[in-house]
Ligand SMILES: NC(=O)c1ccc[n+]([C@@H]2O[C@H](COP(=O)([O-])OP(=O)(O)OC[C@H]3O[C@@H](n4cnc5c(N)ncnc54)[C@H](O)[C@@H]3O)[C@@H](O)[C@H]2O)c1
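In structure tokens, one chain follows: the form predicted alone.
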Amino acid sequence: MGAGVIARFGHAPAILETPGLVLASVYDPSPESLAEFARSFPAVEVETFNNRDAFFASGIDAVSVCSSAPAHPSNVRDCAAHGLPVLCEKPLAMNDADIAAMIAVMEEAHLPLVAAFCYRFSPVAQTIKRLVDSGAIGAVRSIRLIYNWSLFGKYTNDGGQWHENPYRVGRMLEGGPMVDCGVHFIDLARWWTGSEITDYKAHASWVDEEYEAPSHIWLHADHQNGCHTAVETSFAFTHTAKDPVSLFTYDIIGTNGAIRYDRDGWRFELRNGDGTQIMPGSSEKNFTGMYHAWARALRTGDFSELPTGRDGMVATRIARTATEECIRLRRSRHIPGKP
């Protein structure tokens, strides 16, 4: 459900690459989006619908919700009414109440609701989980996760006319970089440590003053086990530069060593008392790995290796409330700007 960029870029190709899954039907209320989807996969036989009833009557077995966040609650309610398992893009919804309702309606229907945290399935993230669980760096005490980028630039040129990049505008209106990207890092920190976040605080800056949400934000979170996680993410890093760059790093520091990953060159290493181990890097995302796990779960009924709706709710709640607190603080200080 939803035929936009994330469906075309991530979900549809992964479904097509996963044994046991068939990309059967696509729903979107926009005929233009459906036409663009069809152009993106000219060799694939798939039915497209802009009518929900027809979509649900097409004989599907499970649904990937790839629409915009405000549409997720109604999409999930419809799936529950038709007895269909759901894998839902992040953020799960625009507020905690809607996410709780989504979880409840799926539980009442005895159906799984899976959060599409594709970062968990990256070989790098999986290796970090194994190393942490094996005690390779001792007890984890500090995690620093950074993703600063331009979100494909503030402006785009369409037929010789410059205007704001609509993809970037949409992500800013949905909550900005912590809600869009930071949820992945919050989820990774909880998953790697196996420890809940008990307290958190955020700070932000408004490089783009026209949006209520900040375009650059820092989150500091304390875990129940004593670990501290710092997340920094930005949509304003070289967003107006001719030659944009990005910064994407993981640092996991333990009592007996450290793990570091830098997406620039896929540099990935473990340093502890035994020496330095250079490991193979990979992309931070793995839609195909996520769909392989989704296919196994649908086949076996065991969804334990997949992020739950609750995982999605916790990460989204932290990201959104931290962002909202920064917005409230800015208003209280009467800092100039459109908001």
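Note that residue numbering follows the sequence shown and begins at 1. Since this is a predicted model, take the numbers as computed values, not measurements.
Same protein, other form: the form predicted in complex with the ligand, not shown, and the subject of what follows.
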Worksheet item: Within 4.5 Å of the ligand in the predicted complex, do we find a heavy atom from each of 47, 85 and 121?
Response: no
Item to complete: May I ask you to check whether residue 96 falls inside a 4.5 Å heavy atom distance of the ligand in the predicted complex?
Response: no
Worksheet entry | Touches the ligand in the predicted complex: residue 229 (any heavy atom, 4.5 Å) | no
Worksheet item: Would residue 71 sit within 4.5 Å of the ligand in the predicted complex, counting heavy atoms only?
Response: yes
Worksheet item: Using 4.5 Å between non-hydrogen atoms, is residue 171 touching the ligand in the predicted complex?
Response: yes
Response to the item:
The one residue among 272, 288, 33, 282 placing a heavy atom within 4.5 Å of the ligand in the predicted complex is 33
Discussion item. Using a 4.5 Å heavy atom cut-off, which of 71-79, 238-246, 193-201, 217-225 contacts the ligand in the predicted complex?
Written reply: 71-79
Worksheet entry | Residues of stretch 151-188 in contact with the ligand in the predicted complex (4.5 Å, non-hydrogen atom) | 167, 171, 174, 180, 184
